[in-house]
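Listed next as structure tokens is one chain, alone, in the form predicted on its own.
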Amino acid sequence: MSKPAARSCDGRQLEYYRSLSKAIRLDVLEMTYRKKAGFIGTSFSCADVLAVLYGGFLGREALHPQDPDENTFLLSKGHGASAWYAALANVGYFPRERLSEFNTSGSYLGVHPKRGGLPGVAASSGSLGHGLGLGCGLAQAKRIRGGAGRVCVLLGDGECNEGSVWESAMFAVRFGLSNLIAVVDRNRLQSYGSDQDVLNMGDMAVKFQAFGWNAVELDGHDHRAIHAALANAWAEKERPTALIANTVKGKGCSLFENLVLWHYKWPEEAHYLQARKELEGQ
């Protein structure tokens, strides 16, 4: 059955979110350094959102996407896969030792996620702009079958340049998919530069509201704010919800923050040692 959303966030829960966020970032750092893989910036920016999602709302129950009563998570911004794997491992979907398989030939822990080999990974992703449409289909299927499960899709803000995202946004409102939650990782940096310079998305909460969504802007690194926004989204009965999570690309290490370089580059030894020192000191 669908995991009930926790409505309150006490000190103990907040501390768990913080420790889980730290564990996710440390695991991402280890994976990208050891296996020479990129995308540490986008993985660090969404670590806090994933910590609250899996630490307070999805738990270890989002395993069967076709089950109408079970919650489903989709990582539309597939290049953030290392953070997703770390979140799954740290809440018990699979042994943390398997993270060493990241970016290894033949492994299901690819730089982009691949369906069918890991518990909790409901869909392959990497081609941007597809996740919200898939989420709409899954949410509609759960509704048709009378289920209580919800679908949560994590998107990048650069990904929202894709027209398919906005087609999906119209579909979700047309069919009243109140069991659909879109979280936009609003770090304002994409592959080749800033959002403003590449294709300015402007006020994304206002855009989703114009399409008929319940849209909320929040600090994507404030665990209490993320928890409150997700709890309200879980309780929504009328329309889909978009959470515009304002984040910092590379959040957690001063070396990585707000630099397009860390969309692609992997940490070398000096970066790795400094990042570990900063993260362990938090």
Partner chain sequence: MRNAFLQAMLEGAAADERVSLLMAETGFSVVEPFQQRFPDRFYNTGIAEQDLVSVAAGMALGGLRPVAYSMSAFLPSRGFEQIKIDVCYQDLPVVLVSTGTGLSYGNLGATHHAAEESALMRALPNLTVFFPACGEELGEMFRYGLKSEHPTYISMPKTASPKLPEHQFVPGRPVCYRTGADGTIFAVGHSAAEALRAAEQLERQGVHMSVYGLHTLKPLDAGEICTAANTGRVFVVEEQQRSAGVGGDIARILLEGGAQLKTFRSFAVPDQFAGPVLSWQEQAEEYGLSGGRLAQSILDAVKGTA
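Numbering follows the first chain given and starts at 1. Note that the structure is predicted; figures quoted are calculated from it, not measured.
Absent from the display: the form predicted together with its partner chain. The rest refers to it.
The closest non-hydrogen atom of P65 lies within 4.5 Å of its partner chain in the predicted bound form.
Although the partner is absent from this view, V173 stays clear of its partner chain in the predicted bound form, with no non-hydrogen atom inside 4.5 angstroms. For E167, a non-hydrogen atom is located within 4.5 Å of its partner chain in the predicted bound form, even though that partner is not displayed. A residue is said to contact a partner when one of its heavy atoms sits within 4.5 Å of a partner heavy atom; N103 fails this definition for its partner chain in the predicted bound form, lying far away. Note on the partner interface in the predicted bound form: the residue among A89, L155, L189, A123 having a heavy atom within 4.5 angstroms of its partner chain is A123.
None of V206, I144, V198, A148 but one reaches within 4.5 angstroms of its partner chain in the predicted bound form through a heavy atom, and that residue is I144.
Here the chain stands by itself, but in the predicted bound form one stretch of 159-167, 77-85, 180-188, 90-98, 159-167, has heavy atoms within 4.5 Å of its partner chain.
Contacts with its partner chain in the predicted bound form, taken as any heavy atom within 4.5 Å, map within 134-153 to L134, C136, G137, L138, Q140, A141, I144, R145.
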